[in-house]
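This document opens with one chain alone, in structure tokens, the form predicted alone.
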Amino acid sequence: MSISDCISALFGNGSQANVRIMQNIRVPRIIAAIVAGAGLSLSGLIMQTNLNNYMASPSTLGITNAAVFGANVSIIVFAGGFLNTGNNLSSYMAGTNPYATSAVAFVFSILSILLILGLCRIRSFSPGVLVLSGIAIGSVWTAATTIMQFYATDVGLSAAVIWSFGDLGRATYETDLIMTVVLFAALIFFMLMSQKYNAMLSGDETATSLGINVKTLRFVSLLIASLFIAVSVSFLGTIGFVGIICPHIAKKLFGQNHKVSIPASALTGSILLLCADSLSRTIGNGSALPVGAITSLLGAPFFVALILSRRGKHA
């Protein structure tokens, strides 16, 4: 399709095939990349600030692990939401309900969030305890997923593994709308709290001396950030490293002031995921590779460079 064909198809002109491709496939995919990239990057920034840990990311609290486990429960145990389909290929394809899988993944993500934040409430909500709790709970979800997949049939296993790939191709206007509503609500809250986040950069004691209830702010901020992560992962699968790369790029370019770094992180995340999606469709030679694999390939070198740069500073 030429550029003029794409533009015409966006407005309903041209062949029916072009219109369907642009309006039903490309546009929902692009919107998902913009919204998910912004939300994951924004969540990473808020987690890094509230946990005082520059390596914090959406995967820190084990939310993605819980979502993957929930999706495996839906696909392997309930066959996409319908008990009577079992693992027979023909009945599975006829009975699979993708929204049921997303719903179960979301429920397990929320349960994991509440469990971790509840444990940290008991231990005076220390950021260090929160990170360790997330790692421990995430490991439990991963182990449970592995055991479940070990006993799954070929059809159930392949479907579960494919779901875990970060894929923007499964986005629809309905899922985009849900993610957009959650993103805007989170963005408004984080912008209203931006001055308090700036105070937290100087330490909990300084923030407390300025009249900020650090424990409550940290609890609510992490809960809202985790909520978007849960929604995103339940619809699109695991998309790694966006929550680590983009906040650091934004802070490097625009500084630590959250009034600037919050919108900058959201914009950087959208740009990165759009570029990764374009790359995944380009090198796929006719079929789009999982965008989660592309972001991981881009993120791994950045991750190593970040560790080395921090090590050099401490040395």
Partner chain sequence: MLEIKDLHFGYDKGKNKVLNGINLTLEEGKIGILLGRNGAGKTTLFKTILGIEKPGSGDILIQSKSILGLSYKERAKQISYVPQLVNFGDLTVYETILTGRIPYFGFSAGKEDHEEVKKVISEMSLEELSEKSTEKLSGGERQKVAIARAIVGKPKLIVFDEPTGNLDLSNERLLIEETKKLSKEYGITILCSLHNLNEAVELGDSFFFMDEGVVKYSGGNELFTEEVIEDIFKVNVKVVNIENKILITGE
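These figures come from a predicted structure and were not determined experimentally. Residue numbers count along the first chain shown, from 1.
The next section is about a form of this same protein that is not shown, the form predicted together with the partner chain.
Candidate stretches 256-264, 275-283, 58-66, 43-51 - the one whose heavy atoms come within 4.5 Å of the partner chain in the predicted complex | This holds for exactly one stretch, 256-264.
Let me know the one among 146, 139, 213, 158 whose heavy atoms come within 4.5 Å of the partner chain in the predicted complex, would you?
-> So the residue touching the partner chain in the predicted complex, by this definition, is 213.
May I ask you to choose, among 198, 172, 126, 153, the residue with a heavy atom within 4.5 Å of the partner chain in the predicted complex?
-> Filtering the options by heavy-atom distance leaves 198.
Please check if residue 77 has a heavy atom lying within 4.5 Å of any heavy atom of the partner chain in the predicted complex.
-> Output for residue 77 is no: heavy atoms all beyond 4.5 Å of the partner chain.
Residue 193 near the partner chain in the predicted complex, any heavy atom under 4.5 Å?
-> Heavy-atom contact with the partner chain at 4.5 Å: present for residue 193.
4.5 Å heavy atom contact, residue 180 and the partner chain in the predicted complex | Judged by the heavy-atom cut-off of 4.5 Å, residue 180 is well away from the partner chain in the predicted complex.
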